[in-house]
Structure formats: structure tokens, C-alpha cells
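The chain below stands alone and is given as C-alpha cells, in the form predicted on its own.
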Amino acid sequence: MSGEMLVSTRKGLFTVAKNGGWKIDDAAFLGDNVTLALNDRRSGYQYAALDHGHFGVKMHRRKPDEAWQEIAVPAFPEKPEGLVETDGWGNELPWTVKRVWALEAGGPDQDGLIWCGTLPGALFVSHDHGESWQWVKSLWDEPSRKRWMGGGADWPGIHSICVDPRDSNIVRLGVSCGGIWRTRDCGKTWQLTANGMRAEFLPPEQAGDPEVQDAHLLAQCRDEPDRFWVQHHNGIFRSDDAAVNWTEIHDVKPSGFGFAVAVHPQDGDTAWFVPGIKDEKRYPVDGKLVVTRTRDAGKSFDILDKGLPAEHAYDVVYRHALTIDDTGNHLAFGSTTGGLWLTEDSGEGWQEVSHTLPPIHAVRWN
């Protein structure tokens, strides 16, 4: 356990460290919208993605105890004259990166390689620590990509990137209303792997269509890498065969809806979720903030609430705002109301780190 994490918020990037107790240790980009951060343990670099609204997306990089430096931003090539790109709803897609929605380091044998998923649904890769980015056109050219749809966001987007610990050339993506995708050759070719998922928002005859499944987050177990979990718009799904086929987990209380999922790094049967009321409501059931945990691959769930607000809690926990460390004992999550909570015993008890932060987009252990 590193004892330090990065908290990306609407008004800055905060470092939380254990100095006697868990406290905010540093702040950067104060007043700016930091949507995501990444600590690359291979190089020691940290990355931050900022959304400046009208002025666009910016990327920054530093080594700890050094100053942040602006680096290249993933960008589409020049748009062909007369080209109009639309999503599965028929809405026109912008030919520019609107948000960095996923950042992931490549494997230990891929020094300098960083993957980046964006809104709209494009994938980029850097081979030089973010100095430059290449558009992964092979995924953009997939015919079914044109069926991807915007969900809660205006456009479809790539929000999850899982690099296989056995082979760095195998990468899996979670796409908002676009299913689960896999490459076995570091992005040259792609396969759709969302069999068994169910999209309740579509007519029954289309609900099992793998091309439009709304995965909210995709998570892989490090030491049991064939085991994957997905928090989906319509519930929780588990895969036992490396994310090819999926089994729906039914009757999860208080709710199977949510955005975030964390899986134990050593035990693929154990995973955590932050449930809420779906669709128009999107706040904790009965106004009580809880975390749910399964230790038996979804057969049963514990409701973990010790130390969490028991009433009048209207916190939404975004996709990247729940994180687990390498031990599997320390988890932390942040909410849209600026609350940040942490556990050192797998969720049995939670401690509040802060309730005064700006709305939290993402939390990540260093």
C-alpha cells in the first residue's frame, strides 16, 4: 500500500497521504477542472487531464516533487472535407477530444506507452510518456463503432482500459453504450466481447445486442486475470473467461445500479460497488450511502455502512471515484458532494477524509 492517492476534482488535483492520519497533503491546478490523473509506477511520472471548457482539454505531466509541465494533447487528424460522423442516435460527433475519460499505463515491457480513451469514443496511444499521441484508427474504423451511443454524456466514450498482466499486447476497453472490446495485438485489430450482457433500455429483441451495451466500468482481477467485473447500466455482470462471455448478477440489494466497481487484486471472487437509484434519480437508496461487497462471485453481498452517512446523503460516485490498493485492504471513494472516505479493512469501517472538497471525478492510489 502506497499511503498516497490522487484525487481529481472540479476545482483541482489533491494528493492525500497518511501523515499520522489521512490528510490532504498537496493541491495543484486550483480552480481548474481536473477530470483524471494517473501515476505511472514504471517511470515515476504523474499525469493530469484538465477540461478547460471553451478552451479545451489540456494534459500535464510531472515527477513527484517537480513542477507540472504541459504536454501534448490527444487529437484527431485534420477532418476530411465534407465528413459528417454520427453516433447510434444519429447525433453528430465532434471531431475533437472533449474529455479524457481513461488513462492507463502499458505493461512493464512497454516503457513510455500510455493508453488514453476519450469522449467522443476514440482511443489514443503514446509511446514516449505523453510527448506525442497517435490516434488508434483501427478501432475508429470498426463498422459497429458507428452504432455506439451517448448515455449520460452527450457522446459515446471509452472510459475503461485494462492491460492484461500476462501479455501487454492484450488490452480490453469498456465503452459507454458500445460494449466491451479486446485487442490481442496492441491495437492493430479488435474484437467485440459483450456476449450475455443485457441493455434494458432497448426493445426486448435488441436487449442482448453486444454492440450497444452500456458498461459503466470494466475491472480485471490482477492475479486471476480471466475474472472480470462490470458495473453496467442495468446491473452487475461477471466474466469467468477473460471478458468474452458475461453472467448477470441478480437481486443485489439495495440496488444493482451504480457507476464504480473495484475488484480485489488477488481474489477475483471479491468486488466492491457503490449502489444508487438508476436513471432520473441517481442518488443513494433511501438517502443512505453504502458500499456493497461480494466475496463469493456474486452469490451474496454485504452492505458496508459503518462510518458512512446514514441519512440525507445524495452522493453520486462516478466511474473512477472508487479505488483499491495492491493489498486489497485499502479502498477509497469520493463523491459529487465533495466527500472522501477511506477504509483500511476492506470496507468493514470507513473514515471520512474530507467533506469539503470540490465535486470528485476520480480517486487513484499512487
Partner chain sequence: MAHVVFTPNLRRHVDCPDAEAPGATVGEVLDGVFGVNEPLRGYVLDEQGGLRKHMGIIVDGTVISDRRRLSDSVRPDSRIYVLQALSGG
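Since the model is a prediction, treat every value here as computed from it, not as a measurement. Positions refer to the first chain, counted from 1.
Absent from the display: the form predicted in complex with the partner chain. The rest refers to it.
Q: Going by heavy atom distances of 4.5 angstroms or less, which of H312, R41, K299, H52 would be at the interface with the partner chain in the model of the complex?
A: That would be H52.
Q: Quick one: from V252, A242, L202, A75, grab the residue that has a heavy atom within 4.5 Å of the partner chain in the model of the complex.
A: For this set of options, the contacting one is A75.
Q: Considering the partner chain in the model of the complex, find the one stretch among 159 to 167, 275 to 283, 182 to 190, 95 to 103 with heavy atoms no farther than 4.5 Å from it.
A: Residues of 95 to 103 come within 4.5 Å of the partner.
Q: Counting heavy atoms only and using a 4.5 Å cut-off, do R238, E248 and D269 all touch the partner chain in the model of the complex?
A: No, none of the three is in contact.
Q: State yes or no: in the model of the complex, is some non-hydrogen atom of L30 no more than 4.5 angstroms from a non-hydrogen atom of the partner chain?
A: Yes, contact at 4.5 Å.
Q: Applying a 4.5 Å heavy atom distance criterion, does K63 contact the partner chain in the model of the complex?
A: No, no contact at 4.5 Å.
Q: Are any of the heavy atoms in G56 no more than 4.5 Å from a heavy atom of the partner chain in the model of the complex?
A: Heavy-atom contact with the partner chain at 4.5 Å: present for G56.
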